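Encoded as C-alpha cells, the following chain is the form predicted alone, with no partner shown.
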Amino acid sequence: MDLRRLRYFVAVAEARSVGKAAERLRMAQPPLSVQIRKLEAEIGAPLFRRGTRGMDLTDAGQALLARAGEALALAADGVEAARAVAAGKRGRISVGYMFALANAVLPRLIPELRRSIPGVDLHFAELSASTREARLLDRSVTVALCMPAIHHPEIQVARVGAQPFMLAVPIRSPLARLSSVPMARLQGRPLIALPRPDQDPASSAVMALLRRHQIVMPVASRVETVHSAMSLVLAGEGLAILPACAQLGAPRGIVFRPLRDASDSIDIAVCWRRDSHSPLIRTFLKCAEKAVARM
C-alpha cells in the first residue's frame, strides 16, 4: 500500500473534510479526492460517507484508521532507524580480540565505545592465531583487535599502537632476580614460541630479534596463544618472549622482565574486511586508538 495515500486518508479522517485536510497537507482539494478514491478502489470498499457534520468513516474506514496510525509510525521509525544505522549511531558490531590484549585494552576500550556509540549493540569474541583471519572473512566478527596485524588481500589494517617484548620466566628462575635480562643470557635456553600465524615461523618478530642479537634458543614448543605459552613457562618447559601487555594476565608464579639492549616491539592493529563500509568501523578505530594510547 502507498504510504502517501494512507497519510492522506488519516488526514481526511481526522479533519472530517477533504477541504480542511487539503489545507493541512498544503495541496489542492481535487488531487486529494483522487487519491482517496484510488485508495478505496485498492481496498475494494468505500472508506467515507458524507454526513451532516462532514466526512464520516464507514466500518471499513474505521478498521483502517485503527491501524493506519500504527503503520505510519512504524514506517517513520524504520526510516529513522535506517538513518541512524547509516550514520553509525545504531546497529550492531562484533569485536574480535586476541587474548594478549584482553586485560590491557578491553577495560579501556569498552567504556570508550559505550560513550561514543551508546545506541549500538556490542558483541565480543576471543580470537586465536588460527581463527582470527577466518572470523573476519566469514563476517562473524566485524573488526578484530590483533597483535600482530593480519596480512591478507581482503583485509584492511590500521596500526593503533605497539607493545615492547619482555621475557616471561618462572619466578624461581635466576633470571627473575634480574631487573632486566641481557640478551646473551638467553643463549641455548629453550623457547616457547608463538609463530606468526600467516607467515613462516622463521620470519616472526621474536625470531628476527634473536637473529639480530645472534642468539640461538631451541624451540621447545610452538603454541597459538599467549596463555598457552605462559602455562608452559610455569611448568618449566622453557622461556617465552611476549608482548609486555601479556603480564596483566600472567598466572601466579611467572614474572616478566625487560630485555636489555633490545627495543623491539610488536604492532597492535585493528583489522576489518576491505569491502566493509560500516560507519561503525571508523568510530571503533578512533576508540581503539584512544584505548591503546592509555595502556
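Numbers follow the displayed sequence, beginning with 1. Everything numeric here is computed off the predicted structure, so don't read it as measured data. So that the term is clear: the rigid core is the largest set of C-alpha atoms that superpose within 1.5 Å between two forms.
The same protein also has a form predicted together with the DNA, omitted here; what follows describes it.
Visitor: Report the residue, out of Pro251, Gly44, Gly236, Pro30, that has at least one non-hydrogen atom within 4.5 angstroms of the DNA in the model of the complex.
Guide: By the 4.5 Å criterion, the partner-contacting residue is Pro30.
Visitor: Tell me, which of Met230, Ile266, Ala269, Met55 has a heavy atom within 4.5 angstroms of the DNA in the model of the complex?
Guide: Of the listed residues, the single hit is Met55.
Visitor: Which among 252 to 260, 59 to 67, 236 to 244, 36 to 44 is in contact with the DNA in the model of the complex, heavy atoms within 4.5 angstroms?
Guide: This holds for exactly one stretch, 36 to 44.
Visitor: Quick check on Cys287: any heavy atom within 4.5 Å of the DNA in the model of the complex?
Guide: Cys287 lies outside the contact set for the DNA.
Visitor: Taking the shortest heavy atom distance, is Ala13 within 4.5 Å of the DNA in the model of the complex?
Guide: Close contact is absent here: in the model of the complex, Ala13 is far from the DNA, nothing within 4.5 Å, heavy atoms only.
Visitor: Would Lys20 count as touching the DNA in the model of the complex under a 4.5 Å heavy atom rule?
Guide: Answer yes; at least one heavy atom of Lys20 falls within 4.5 Å of the DNA in the model of the complex.
Visitor: Check Arg294 for me: does it contact the DNA in the model of the complex (non-hydrogen atoms, 4.5 angstroms)?
Guide: Result no; Arg294 lies far from the DNA in the model of the complex.
Visitor: After the core is overlaid between the shown form and the other one, has the C-alpha of Gly236 moved by 2 angstroms or more?
Guide: For Gly236, whose C-alpha is compared between the shown form and the other one after core superposition, the shift is less than 2 Å.
Visitor: Just checking, between the shown form and the other one and with the core aligned, does Glu154 shift 2 Å or more at the CA?
Guide: True for Glu154: a C-alpha shift of 2 Å or more.
Visitor: 2 Å or more on the CA of Arg53 between the shown form and the other one, with the rigid core superposed, yes or no?
Guide: Shift of 2 Å or more: yes.
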